[in-house]
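First, one chain by itself in structure tokens, the form predicted on its own.
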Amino acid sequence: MLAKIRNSLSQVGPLIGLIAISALFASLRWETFVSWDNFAIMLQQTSVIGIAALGMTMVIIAGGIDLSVGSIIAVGTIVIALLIQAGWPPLAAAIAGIGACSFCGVLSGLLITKLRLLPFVVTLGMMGALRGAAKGLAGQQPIYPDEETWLNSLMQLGEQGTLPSGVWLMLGFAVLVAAVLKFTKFGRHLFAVGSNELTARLCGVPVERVKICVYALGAAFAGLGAVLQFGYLTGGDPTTAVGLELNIIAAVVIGGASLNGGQGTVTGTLVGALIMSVVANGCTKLGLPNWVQEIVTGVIIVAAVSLDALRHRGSKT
């Protein structure tokens, strides 16, 4: 009975938190916080983190972690910018950028599975290596193609009542990932590997293949985030998304996923990403400096991880 109550609270807890935080800022700054334009801005700010967090959700469910997603996003924006500058069609450049990002994930997956290295160590090393690669490819400076393409409009706010295309892209892929996790064998394998890798292996789950695939998918979703980031910046920047991996991981954890693996939902991840955007937006409306926003965000992350630890401790008793 207590286990069911804890499970229910873990599912609705992030949503309750989002409502409470939104209500707090609404009560303090009703005129500027509660408006459709501000709502659209918050969703726009959520898009890059949200779509990359979809991939991170799968990685964390499988018991892994990827600290390199911020650097992967930077690499993706540079690849897209260079290819458009070279005359490639925008769609082909975007697909190639996503492919380059996915290759980075495959490389991490191979190092983790074949050399049996810790995901934390491998992806920490990849974070530095890929950031350096992005700077090298770009000549240590941003790249802004002369030609303006439809990619530049993905993150532009339209007229009142319309959301950026990037928001709809995030929501569409959220539905796809949710369906994969719930209805496919691959989704069941992710939960099995994250819950108990040894048991999953004994049950015939191809653990190494699953891990490589999930890191490739996680990086591919970071590549989709790179496409949106390119549209937001209207170019490629080797210094973009520094520290964004922490926000992406935080969105997944705040949304109820367990860093121990075997637990997580797409809905929770999107709610977690929205919580971070609402906090940042609300603090800005209140005129609070960035360091206050960072403290508030850090407290929320620690609280989410603490609740996860208490939940697991309670499930063992």
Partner chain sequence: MSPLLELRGITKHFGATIALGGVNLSVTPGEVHALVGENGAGKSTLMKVLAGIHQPDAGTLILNGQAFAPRGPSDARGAGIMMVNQELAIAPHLTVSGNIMLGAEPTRGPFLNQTEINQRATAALTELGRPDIALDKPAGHLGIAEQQLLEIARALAVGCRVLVLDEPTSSLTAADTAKLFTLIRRLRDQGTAIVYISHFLEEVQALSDRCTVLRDGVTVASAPTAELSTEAIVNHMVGRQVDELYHRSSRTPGEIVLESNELSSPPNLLSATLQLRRGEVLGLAGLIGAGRSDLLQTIFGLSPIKSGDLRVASFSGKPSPLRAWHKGIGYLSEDRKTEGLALDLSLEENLTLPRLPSILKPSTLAKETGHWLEKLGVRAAGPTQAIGELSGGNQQKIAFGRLLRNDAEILLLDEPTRGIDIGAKQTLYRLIDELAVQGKAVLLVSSYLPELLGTCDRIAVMCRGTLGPARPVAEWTEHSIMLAATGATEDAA
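Note that this is a predicted model, so its numbers are computed, not measured. Numbering follows the first chain given and starts at 1.
Unshown form predicted in complex with the partner chain; subsequent notes refer to it.
Peer 1: Residue-level contact is defined here as any heavy atom of the residue lying within 4.5 Å of the partner chain in the predicted bound form; does Arg201 satisfy this criterion?
Peer 2: Because a heavy atom of Arg201 falls inside 4.5 Å of the partner chain in the predicted bound form, the answer is yes.
Peer 1: Is Phe183 a contact residue for the partner chain in the predicted bound form, using a 4.5 Å heavy atom cut-off?
Peer 2: Because a heavy atom of Phe183 falls inside 4.5 Å of the partner chain in the predicted bound form, the answer is yes.
Peer 1: Even though the partner isn't displayed, in the predicted bound form is Lys135 close enough to the partner chain, meaning a heavy atom within 4.5 Å?
Peer 2: Contact with the partner chain, no.
Peer 1: Just to confirm, His189 within 4.5 Å of the partner chain in the predicted bound form by heavy atoms?
Peer 2: Judged by the heavy-atom cut-off of 4.5 Å, His189 is in contact with the partner chain in the predicted bound form.
Peer 1: Just to be sure I understand the contacts: of Cys213, Val205, Leu83, Val177, which is the one whose heavy atoms reach within 4.5 angstroms of the partner chain in the predicted bound form?
Peer 2: Partner contact (heavy atom, 4.5 Å) among the options: Val205.
Peer 1: With the partner chain left out of view, which of Thr234, Ser195, Thr113, Thr239 would have a heavy atom within 4.5 Å of it in the predicted bound form?
Peer 2: The residue from Thr234, Ser195, Thr113, Thr239 that makes the contact is Ser195.
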